[in-house]
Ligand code: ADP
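Below you will find one chain, with nothing else, as structure tokens; this is the form predicted on its own, and questions on how it binds or moves follow later.
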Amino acid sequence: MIDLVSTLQRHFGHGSFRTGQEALVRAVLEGRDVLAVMPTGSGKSLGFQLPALMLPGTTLVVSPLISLMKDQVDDLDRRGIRAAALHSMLSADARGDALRAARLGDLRLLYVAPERFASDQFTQLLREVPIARFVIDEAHCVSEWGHDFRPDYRRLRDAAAACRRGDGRAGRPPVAAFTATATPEVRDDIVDLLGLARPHVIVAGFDRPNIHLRVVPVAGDNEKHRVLAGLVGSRRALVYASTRKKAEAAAGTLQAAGIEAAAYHAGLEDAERTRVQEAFASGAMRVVCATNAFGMGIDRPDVDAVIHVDITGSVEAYYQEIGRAGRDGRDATATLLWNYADVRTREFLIDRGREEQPERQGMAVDPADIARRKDLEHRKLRRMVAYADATGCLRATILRYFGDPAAREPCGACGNCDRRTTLGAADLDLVRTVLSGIAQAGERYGRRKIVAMLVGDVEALPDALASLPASGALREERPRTIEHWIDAACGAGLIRVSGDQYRTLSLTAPGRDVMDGRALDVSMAPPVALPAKGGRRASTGRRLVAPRTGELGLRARASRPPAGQPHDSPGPRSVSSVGVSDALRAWRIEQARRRSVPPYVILHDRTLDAIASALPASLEDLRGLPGIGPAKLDAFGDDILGLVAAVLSKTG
């Protein structure tokens, strides 16, 4: 069996693989087509970068964002791995250099944008350069079911077929598709549209247990801006908004609160976008308020919080964006500020954007295709609204959406599970009345008719419903209040909703036990009171509770270790270790400034922690520590040893 660990250590400085990485690398090396679905931050890129060093030919990587390509090529260059990118921001000379290097076989990896396959010159290049693997990153873009469909991705099947294999064998090179967010229907779409032949499908767990999920109902934009600074606090954060105007407003709110923040969106000048992106990547700026144009090329491991001030267009988009938090494995928070009025903005963006997009790209407009795509995007938006309205475990709601069998509730790490409590007598009586009404109705009606029957609004109901004993039993409650309690009972597993278009309600076995009085201790997350206009909480009685926005994010922040202490540290460290840690961080900042790169590119936090714990006295001691490969050892080994020795001489 191939010794992959030594290759990993030599080129990437890691002594072991993360969970799932080794199986992915071996699948790509085997030469079969591969579809890999792994969560953001799991290290998917190693799945094609490491094989690229071991296979004959150049690995071609299709990537959707220039910033994403640039960051990966820069990182590979720093590791001594020959790589290049072809995109519209390069000068003609730079593109020419990349093409020549590819033709000469000097590149291990060549990154290209999907639009490049419309070029006849590039198509000719595919016939000249031996291709080891044809890799599609962010492969959900090929699927209409994916959250970021791009028509240019539809060319990739034919483009792969035009390539020459690096091993000299007949046929196209093996194709490997990678994505972080793909439901079962998206996976099937990717396999079909890319023409993957008997692919090895790897679906890692979607769960990011270190990200604490929260949904906070708000009355409108005024309340959003009142709570935003408290949600950010002193943390490194990404704030996402649905429009450019809202991104700028969020940045202005934070700046007024004394928090250094900047807006980022496609309407800014190139120089300003570059300034903001580089400032955030280097650590010079803590907070960026952005549209979804920001983030895919950012690999800061220490983002503490992701806050959405508006609902996203799909669960896929939301999960990818919150996946930029907590990549260092430490606790982080993801907060959605939820107001149903924001759904109208998303609906407008779907309807208008879908009509204009083909025309902007110079493509023929097919009205039937546009209508079908609009319908699909509206369905995805409704699924996101269902998440925002969920009263059950938020984590389980997302995992079930992606078909992850690991979905369990309660998870203990989301806002709804935090609020889970044993019902008092009055609330339990209300829930039993709701359950009894569903049972009396024969478990064959949807929520709207059940609610109308319970509150006594029977004029439009069939006689069979209007004449039930439960009719009018909750006439003193608002219909919206009853709807919330039905949602809460669904989240607690007491009520089941049919999967067909009728969405009928029925009782589960635990629900029958509660209704009949056999279960007395009933635990669930009580519904949250949605704010009324003007910021006041809706007057819904004592049965609905308001969220405590002032406490958001504090739990995750409190669990992080102090700066300079590794998160798995068993306890206080020696004075020498602390001194070395502080000195290493100061040295790293200086090195990053000299090279104009983010500090973590010099050495990752976990590497600094390992050095501070080991206190190496020789290059041999330093060799083999996490993140110290041959390139890092040559570049920084003497400096690190000198720094450690200097601190030890001072501390004794």
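So that there is no doubt, residue numbering starts at 1 and follows the sequence shown. None of these values were measured; they are calculated from a predicted model.
Not on display, but discussed next: the form predicted in complex with adenosine-5'-diphosphate (ADP).
With respect to adenosine-5'-diphosphate (ADP) in the predicted complex, the three residues 87, 123 and 130 uniformly fall beyond 4.5 angstroms at the level of their nearest heavy atom.
Residues of just one listed stretch (603-611, 45-53, 59-67, 581-589) have heavy atoms within 4.5 Å of adenosine-5'-diphosphate (ADP) in the predicted complex: 45-53.
This chain is drawn without adenosine-5'-diphosphate (ADP); in the predicted complex, the residue among 79, 108, 286, 172 with a heavy atom within 4.5 Å of it is 79. In the predicted complex, adenosine-5'-diphosphate (ADP) stays beyond 4.5 Å of every heavy atom belonging to residue 11.
In the predicted complex, at least one heavy atom of residue 39 sits within 4.5 Å of a heavy atom of adenosine-5'-diphosphate (ADP).
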